[in-house]
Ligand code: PHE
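One chain comes next, on its own, written as structure tokens: the form predicted alone.
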């Protein structure tokens, strides 16, 4: 799940998104409440939908060893039996006991302030529709498989769970400073497409990578993309696309590094980033800066 850039909670209207892409968000926003949450429409799922979920789950599960971080592999079983799309309430019951989080249903991409408010309250928004058969290999925006398989397992990890809450709290501040696009980049390059350096080598922890059949292996083993060390200000200057594999991946040393970068009030960072963008410009995806630490394959 990614926040959109709409600031008003206009019911029945889908938010626009940051990044660069051509497709409008999908989803029935008319059924959402004031906070953009709604009841999971479990009756909408046909047997073909459950089969799509089962096949997606099976394909991704067999790719995880050697590519996904250990924390994710250990937690993915918390999603329950993979034969059918899970009921959100069942996962929330287990998640609440583990880290105090719950998952809530949303129609799709939601406005930034609604998204931040949910995270700050330890409520993770999950889309309930599932991709069409022709989108089996790649879907541009998050569906129920992406949100559940990609995002939810790491919410069972205490440090990562705290990072997500801190991100939401920081987002509420950013929305008052017109800095949400900078914060969206942090989410994109960590929560969605982040890599982590481990004793066993690079591993993926970002949901966009972990839920993608092609990008999981590409991000960790392909010589094509640039993999650079995490730096908050550098990251916030970096552009991204929402409809291709990433040209740049940021690598963290640990989830603790993420939490410590987010938990303090880094409001002053926005001013420094804007000043740097004004004088030096933004950074295109795939560009490596002089002296920047890279992780080579």
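Source: prediction; values computed, not measured. Positions refer to the first chain, counted from 1.
Below, we turn to the form predicted together with the named molecule, even though it does not appear here.
For this session: Please check if residue 149 has a heavy atom lying within 4.5 Å of any heavy atom of the named molecule in the model of the complex.
Result: Although the named molecule is absent here, residue 149 would stay clear of it in the model of the complex, with no heavy atoms inside 4.5 Å.
Exercise. Can residue 119 be called a contact residue for the named molecule in the model of the complex at 4.5 Å between heavy atoms?
Worked result: Outside the cut-off, so no.
For this session: Determine whether any heavy atom of residue 60 comes within 4.5 Å of a heavy atom of the named molecule in the model of the complex, and answer yes or no.
Result: No, no contact at 4.5 Å.
Exercise. With a 4.5 Å heavy atom cut-off, would you call residue 167 a contact of the named molecule in the model of the complex?
Worked result: Residue-level check for residue 167: yes, a contact with the named molecule.
For this session: Kindly confirm or deny that 163, 173 and 265 each have some heavy atom within 4.5 angstroms of the named molecule in the model of the complex.
Result: Checking in the model of the complex: 163, 173 and 265 are all within 4.5 Å of the named molecule.
Problem set entry | Selected contact from 105, 183, 95, 216, since only one has a non-hydrogen atom within 4.5 angstroms of the named molecule in the model of the complex | Of 105, 183, 95, 216, the residue with a heavy atom within 4.5 Å of the named molecule in the model of the complex is 183.
Exercise. When the named molecule is placed as it is in the model of the complex, which of 183 to 191, 130 to 138, 207 to 215, 80 to 88 ends up with heavy atoms within 4.5 Å of it?
Worked result: The contacting stretch here is 183 to 191.
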